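For reference, the chain that follows is the form predicted alone, supplied as structure tokens.
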């Protein structure tokens, strides 16, 4: 099955990012395809390269960057949501790109299922 993933919550104030990460990792291990990941509203904060969590905490953006680069997953940061939160091409993780809501529509068309994490 080909899954699209949309994340609507930031990395540390909600479990949506961790749940999405675990879902993507598990789906890939089971042989499923991830058609893409779309970061929207507060979910764009998962892609900031400015994240510097304490040493004893998980580094969510680094973890996402490694997963998407290793597996070649198209990861889109919504341009409007990113601009509202100070996220630009200059400060997003490697492997992600900035684009518009049209990419979310395309992801929904290309995936068998679009799974949303967060409210």
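Residue numbers count along the first chain shown, from 1. Since this is a predicted model, take the numbers as computed values, not measurements.
This next part talks about the form predicted together with another copy of the chain, which is not shown.
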Quiz prompt | Close approach of residue 74 to another copy of the chain in the model of the complex, 4.5 Å, heavy atom | solution = no
Practice problem: Determine whether any heavy atom of residue 35 comes within 4.5 Å of a heavy atom of another copy of the chain in the model of the complex, and answer yes or no. | Solution: no
Self-check item: is_contact(residue 70, another copy of the chain) in the model of the complex, heavy atom dist at most 4.5 Å
Solution: no
Quiz item: Is residue 51 close enough to another copy of the chain in the model of the complex to count, meaning some heavy atom within 4.5 Å?
Solution: yes
Self-check item: Within 2-23, the residues that have a heavy atom no more than 4.5 Å from another copy of the chain in the model of the complex
Solution: 8, 9, 11, 12, 13, 14
